[in-house]
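Taking the form predicted alone, here's one chain by itself in structure tokens.
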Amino acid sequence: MSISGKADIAIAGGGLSGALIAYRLRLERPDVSVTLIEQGASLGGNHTWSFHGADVSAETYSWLSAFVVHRWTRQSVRFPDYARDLQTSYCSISSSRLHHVVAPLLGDGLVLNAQIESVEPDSVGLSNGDVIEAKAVIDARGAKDSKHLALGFQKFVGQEIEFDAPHGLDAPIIMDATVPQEDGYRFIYVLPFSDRTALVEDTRYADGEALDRDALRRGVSDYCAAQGWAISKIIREEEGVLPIALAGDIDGYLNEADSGVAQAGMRAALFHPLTGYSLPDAVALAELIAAQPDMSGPALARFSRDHAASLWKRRGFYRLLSRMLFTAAAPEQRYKVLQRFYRLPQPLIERFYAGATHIGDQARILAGKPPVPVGRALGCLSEDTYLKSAMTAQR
């Protein structure tokens, strides 16, 4: 059956960013027809997105809460020489909840199981020959490779597990870096969903993007065994390879896309350069697009480009920290950078995750004896030099 049709706005990609943009448009701009095209059988794939309570305003949380499946009032971190409880709330959104909330709202405007063949300023073409015409097109299909970005990688395999007995956790462990350091900076991430279930992820901040699933699965099972948690069953598994921004020419990157197509989410390099968190940026962009007075294709393309470029240029400090983590510290010593960071005041940590670090915070983060060799740290200062070196190495 043909699904060719027309819409005011067509969104290519039903991940977090694309789905939230569609959701906000349907609620705030019911006069604008929206078609959301996703290659999978449901929105969001198989994923869990999380954010700190301080990452979004109370006004934003009032609508975002419809997607939140778990909220905790505090969180903790563990390192070889330091552990801490933080009184910062933490929230998680599941892909199944994303689909449950957004899909009914879109109705016939949701196209699933659709392989996207082309994205143009006025249409999205599918591999079966169908074409969805639109006055504006937003490309939210996820991250793409580019010679204009120098990246590290955050790789993970997570398993939602049911245990034989209560695990004893009542708050997330955001980082447990007491585990053996392998393939870069390694930590375990734990979200307790109930007294006997939790999402346990083995995460690596690594130089390469190759994902050794079996090794990370063993990491999860070994960690559970070390905690004394006997596994009853694995409910589901998720995985990912997320970009960590070290350096880049954002104008060159954005110019690779068709100038008449708006870009969103990871496609627009909208993620925290060091943590990889993408939800706060996806939420902010959804609100901003829904508030645009001009919904024409050229206007949305200009707005999205300016927004992405502006955020990237304001976040140079975070990319400096990424370079220090990945290139100034030996892989097995990278945990010391985070261990030192988590000794800082809680408000500073909250602003860091929210992308709201100010000049005083930056001075505080860099003050004192660095946890990496000074010579290597100095070599990370110039982003342009680092990018040129990375591009030369790729040739």
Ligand SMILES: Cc1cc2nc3c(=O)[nH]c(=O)nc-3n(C[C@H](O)[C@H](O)[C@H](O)COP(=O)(O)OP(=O)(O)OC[C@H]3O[C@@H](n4cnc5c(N)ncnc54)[C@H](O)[C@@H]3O)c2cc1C
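Note that residue numbering follows the sequence shown and begins at 1. As the structure is a computational prediction, the values presented were derived from the model and not from experiment.
A second form of this protein, the form predicted in complex with this ligand, is not displayed here; the remarks below concern that form.
Residue 141 belongs to the set of residues with a heavy atom inside 4.5 Å of this ligand in the predicted bound form.
Not displayed here, this ligand is approached by residue 115 to within 4.5 Å at the level of heavy atoms in the predicted bound form.
Although the partner is absent from this view, residue 75 stays clear of this ligand in the predicted bound form, with no non-hydrogen atom inside 4.5 angstroms. When contacts are judged by a 4.5 Å heavy atom cut-off, residue 335 does not count as touching this ligand in the predicted bound form.
From the list 180-188, 292-300, 259-267, 309-317, the contact stretch for this ligand in the predicted bound form under a 4.5 Å heavy atom rule is 259-267. Only one of 357, 35, 48, 339 lies close to this ligand in the predicted bound form, with a heavy atom inside 4.5 Å, and it is 48. 239 is the sole member of 249, 239, 162, 212 with a non-hydrogen atom lying within 4.5 angstroms of this ligand in the predicted bound form. Residues 13, 14, 15, 16, 17, 18 of 13-29 are found to place at least one heavy atom within 4.5 Å of this ligand in the predicted bound form.
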